[in-house]
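Take a look at this one chain, the form predicted on its own, written out in structure tokens.
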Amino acid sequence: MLEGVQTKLLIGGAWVDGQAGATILVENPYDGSILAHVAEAREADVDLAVEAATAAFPAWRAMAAHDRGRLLLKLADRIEADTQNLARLEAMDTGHPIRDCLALDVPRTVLCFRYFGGMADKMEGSVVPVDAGFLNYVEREPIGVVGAIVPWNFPLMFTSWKLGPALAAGNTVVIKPSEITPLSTLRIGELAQEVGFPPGVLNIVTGYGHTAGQRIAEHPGIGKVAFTGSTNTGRRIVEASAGNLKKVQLELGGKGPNIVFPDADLAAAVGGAAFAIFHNQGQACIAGSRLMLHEDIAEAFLERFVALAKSVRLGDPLDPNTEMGPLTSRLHQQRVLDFVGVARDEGGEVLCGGDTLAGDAGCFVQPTIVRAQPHHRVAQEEVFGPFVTVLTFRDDEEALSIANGTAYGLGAGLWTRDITRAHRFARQVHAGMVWINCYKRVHPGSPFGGVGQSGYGREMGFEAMREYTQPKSVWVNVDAALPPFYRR
């Protein structure tokens, strides 16, 4: 058991147990040890959190935007000062290698809060040319209470992606982290209190999706729900939200095509493809899980790529030499391993990996490379692990057909020296984000999200601030005569 970690619900500025008194067991995916027993929020707890957020909203909305921003900037500073503690907590809770937590997870979280701290007083309205004698202006208003549901794969970072723009725009928030990885979100709640966020502005309910998550999605007092997770759960969120027609933002699954053309820098593409699929054990919606190779360079590429995959250092997430940790849960480990059987049953060829670590109790899956066909399940369904499907193509037309041949449309990668081809593919590929000669780059200023079964709405940037506000059109009669019918 970890000592000194927060395990209660944050409701109205107070840390409290759940109404039912139940708890959730949080385990370390590396060795199965118990990290904590956190309070379980159920429907009644969500109701209390919404009441607190509703009560806090008028004052938070009325606060000067630069003062809201200042609190977010203070929170960013406090997170940065807590880097070592947060990184260790995230590594133990999720299985992320500590080197990634220190180099990516915590810095990206700090950057996000800083970006939206600076964004808080930068939202501009507009003046619209309308009929003579009238002034029409449009301003952006906060929605009210936002319900945010955070997944287990990047809990710390996604907490900032949800809270940063929502709070900067003047909303209050009820956030539910995954029951599997709640610890870093709870720590953010503690830090937010330390820097002076008013009670009720941020409420944290740790609970299961079918109870706490369902209540957030259906609650009539919540004006928007922002969800990151699976496509199937996203559909249920939409259904549950229909009661009050709340605004819905969905960041869902992906099956990212990572396309290597014959003129690519192979060394850069091999390294980029490895990062695209093996970073965070492949547990990323934007993972480059379909590696598409031109047939002329496929064998040369795979020789290097397989060798690199076999050299990846798996081990204790707290070891700074570890490059890939365990998957985040035993249930998910088995799901990924089941896809290895699916690949073999469909006639796919396992080029490397496809198993656990011999004699190790952790939730590990070896880096796995499978050669398959575009119609195979492993090339159509999201595996969400260190599992990449290799496909080959003959020409640009076939490459585009394969790339667009799934229901998803989140991220896509291109490796080529041909700038004309790069821009053409970026325009034609069915995806919300495209990386050229790189992969999985994100920044708070750049919109993040997908199309098709990958969801709708956007995280990050000015797009996110629009997602967390709504336009109001105001008409002023400056010098316009009313129609005769209305004059007496």
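One-based numbering along the sequence shown. Only a predicted model underlies this, so the values are computations on that prediction, with no experimental measurement involved.
This protein has a second form, the form predicted in complex with a small molecule, left out of what is shown; the following refers to that one.
Engineer: For the interface check, one of 339-347, 186-194, 202-210, 391-399 should have non-hydrogen atoms within 4.5 Å of the small molecule in the predicted complex; which one?
Structural biologist: Going by heavy atoms within 4.5 Å, the stretch is 202-210.
Engineer: Does the small molecule come within 4.5 Å of a heavy atom in each of 176, 285 and 382 in the predicted complex?
Structural biologist: Every listed residue reaches the small molecule in the predicted complex, so yes.
Engineer: Using a 4.5 Å heavy atom cut-off, which residue among 404, 136, 230, 85 comes into contact with the small molecule in the predicted complex?
Structural biologist: Spelling it out, the residue with a heavy atom inside the cut-off is 230.
Engineer: Have a look at 169, 412, 269, 237 for me and say which one sits with a heavy atom within 4.5 Å of the small molecule in the predicted complex.
Structural biologist: That would be 237.
Engineer: How about residue 101: is it within 4.5 Å of the small molecule in the predicted complex, going by heavy atoms?
Structural biologist: Because no heavy atom of residue 101 falls inside 4.5 Å of the small molecule in the predicted complex, the answer is no.
Engineer: How about residue 448 - does it come within 4.5 Å of the small molecule in the predicted complex, if we only consider non-hydrogen atoms?
Structural biologist: Although the small molecule is absent here, residue 448 would touch it in the predicted complex, with heavy atoms inside 4.5 Å.
Engineer: So in the predicted complex, is the small molecule close enough to residue 253 to count as touching (4.5 Å, heavy atoms)?
Structural biologist: Close contact exists here: in the predicted complex, residue 253 approaches the small molecule to within 4.5 Å, heavy atoms only.
Engineer: Residue 149 near the small molecule in the predicted complex, any heavy atom under 4.5 Å?
Structural biologist: Close contact exists here: in the predicted complex, residue 149 approaches the small molecule to within 4.5 Å, heavy atoms only.
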